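Next up: a single chain in structure tokens, the form predicted alone.
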Amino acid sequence: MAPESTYNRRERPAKPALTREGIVAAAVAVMRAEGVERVTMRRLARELDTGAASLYVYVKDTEELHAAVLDELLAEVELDGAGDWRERLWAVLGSYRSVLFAHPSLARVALVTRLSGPRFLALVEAVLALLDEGGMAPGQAAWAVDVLLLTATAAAVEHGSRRERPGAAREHEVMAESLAGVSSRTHPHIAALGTDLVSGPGPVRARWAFDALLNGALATPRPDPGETR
């Protein structure tokens, strides 16, 4: 009769082979259940019943892992829509922003990490195609796509950070009260505008910012990339 230890090894189901795709899928599952802060190499090693060192064969570090998780979620971004090119572009950026709104920690990853995954590249390609359809010069579009995505990402980070802070609504009220009460002698421009500085619902201000950026990019020739001034 075989020793018990040998028998147990033979009867134990074989572990699936490690792959980058499997690691990222496990990371997404952990993120959805426990938050991106718990997506670490050590946590995934336990989830996949392996050693943390084995994961580094497929993923360089936690930062790369978080970027890969974010790229998986970008599959939810709607890249097709109805309307003219400007409305479709607004819808694409709005869909991107909504994905980040739902995952504030990953929005911060998007803000500080150079993304290059396949779904992020699909997003960039879609934005560039719409800018081209709108008649934007290629050089201007090459820089505008960065500004547009950065603005959308920063808005998601701000939204998510405020949502996570207790008392955020009261902080906004205090700021509005402070602006409304400034002296016209010391701060004449703030006093003249008053609460208009914080007026307007968020979606309306977001659309205005989008149009302002887009109109500026369309009208502003791009300098030579070699210029240093």
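Just count from 1 along the sequence shown to find any residue number. Just so you know, these numbers come straight off a predicted model, no measurement behind them.
The same protein also exists as the form predicted together with the DNA; that form is not shown, yet it is the one meant from here on.
Put simply, of R185, R32, H189, R46 only one has a heavy atom within 4.5 Å of the DNA in the predicted bound form, and it is R46. Taking A52, V198, V28, L193 one by one, only a single residue has any non-hydrogen atom within 4.5 Å of the DNA in the predicted bound form, and it is A52.
Heavy atoms of A176 never reach within 4.5 Å of the DNA in the predicted bound form, leaving it off the interface.
Among heavy atoms of A180, none comes within 4.5 Å of the DNA in the predicted bound form.
At the 4.5 Å threshold, heavy atoms of V57 reach the DNA in the predicted bound form.
The DNA is not shown here, and in the predicted bound form it never comes within 4.5 Å of any heavy atom of L218.
Contacts between 62-87 and the DNA, taken as any heavy atom within 4.5 Å in the predicted bound form, involve only T62.
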